[in-house]
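Just the one chain here, the form predicted alone, laid out as structure tokens.
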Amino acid sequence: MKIAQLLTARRDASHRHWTDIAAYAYLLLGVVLMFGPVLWLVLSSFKTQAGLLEFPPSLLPMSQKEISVAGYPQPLPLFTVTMEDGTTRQLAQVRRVGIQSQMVDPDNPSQQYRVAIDKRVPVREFSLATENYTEPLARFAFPRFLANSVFVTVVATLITLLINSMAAYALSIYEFKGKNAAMLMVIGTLMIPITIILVPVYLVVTKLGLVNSLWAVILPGAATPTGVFLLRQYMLTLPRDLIEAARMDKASEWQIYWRIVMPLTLPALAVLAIFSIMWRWNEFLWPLAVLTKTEVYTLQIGLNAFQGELQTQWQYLLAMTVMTLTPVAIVFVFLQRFITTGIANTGMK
């Protein structure tokens, strides 16, 4: 109902103003730019390898129509052929030799024709290549990669929320010397790219014996400066009177943190959870460095298996990419309302 009202809204109830058309055109352009590539990805994931390489490309997954012909064990590709007299017929190709094709009439297989390849056009039909999704699940360890990514994402997100919220609690609630300097140091780490600390962190992980372990992917990025900054800025808006009242009631610091601050910070935690899930789910460089065994691969590393030295199986790569994007999209749909409304709250009703 709300969507219908939005689509039919106009500046003047009596007639449609030119600004209404301009606004709808602008919004339509935004929708196409945002969701057009996603739609192209989903539709392309149902195309065959030949369908992905054809030019000019088609939006819908189309494939050449095949027909069963008596006397031939396998279905034959169907073509629309321009005959010598200018008429067109649908013939099935038996074989191709150079620039000539041997073709038969599906209704009369005994009658054969020799046709130049430039006199024929493939008969195409809408077809979904569902095997792009089923074959990788059967031939590759994709379920294992999925389980590894889910474990890394869930555990790393929980640890990130816990550690970052503790650091933000200390930097926002407590008063101590060097508080601002500590916060500046935390923010300053944002300027350090991962390529600089990659080797030192890898040496530490190696010394701890965590190479080829999922914990090597989880622990190094447990504390994020972005998360600390986000939660600290939100906790600064919490009323100090509420915290002081809890201390007067003999509540411990852990009780204040867990029972008061954390529930009030839930919207900001949801935002950080969205960011953390996206970071962990899409992380590629660090898992590629510390994971060398196939059984501990995450999804992003597993997708690299479809990309060989001489050939790339694009149909499988696109299909599995769609599957990897689906969980993140579902999480974003359920938690996106916190992005626009959560940060604006002050924690008090």
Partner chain sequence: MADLKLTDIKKAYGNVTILHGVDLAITDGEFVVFVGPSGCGKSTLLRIIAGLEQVSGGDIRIDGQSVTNVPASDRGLAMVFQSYALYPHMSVYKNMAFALENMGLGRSEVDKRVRRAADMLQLTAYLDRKPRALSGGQRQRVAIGRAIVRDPKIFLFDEPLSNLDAELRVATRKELAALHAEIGGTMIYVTHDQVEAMTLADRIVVLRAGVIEQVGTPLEVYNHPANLFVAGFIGSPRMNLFPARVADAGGVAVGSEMRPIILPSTGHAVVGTDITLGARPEHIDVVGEDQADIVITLDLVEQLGGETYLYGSTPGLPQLTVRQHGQAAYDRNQRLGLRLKRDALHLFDADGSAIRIR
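Positions refer to the first chain, counted from 1. Computed from a predicted model, the values in this text were never measured in an experiment.
Keep in mind the form predicted in complex with the partner chain is missing from the figure; the text below concerns it.
A.B. asks: Only one of 245, 137, 128, 116 gets a heavy atom within 4.5 Å of the partner chain in the model of the complex. Which one?
C.D. replies: Contact check passes for 245.
A.B. asks: If we take heavy atoms and a 4.5 Å cut-off, which stretch out of 74 to 82, 120 to 128, 100 to 108, 260 to 268 is in contact with the partner chain in the model of the complex?
C.D. replies: Heavy atoms within 4.5 Å of the partner chain in the model of the complex occur in 260 to 268.
A.B. asks: So in the model of the complex, does residue 251 come within 4.5 Å of the partner chain, heavy atom to heavy atom?
C.D. replies: Yes.
A.B. asks: Does residue 255 reach the partner chain in the model of the complex if we count a contact as any heavy atom within 4.5 Å?
C.D. replies: Residue-level check for residue 255: yes, a contact with the partner chain.
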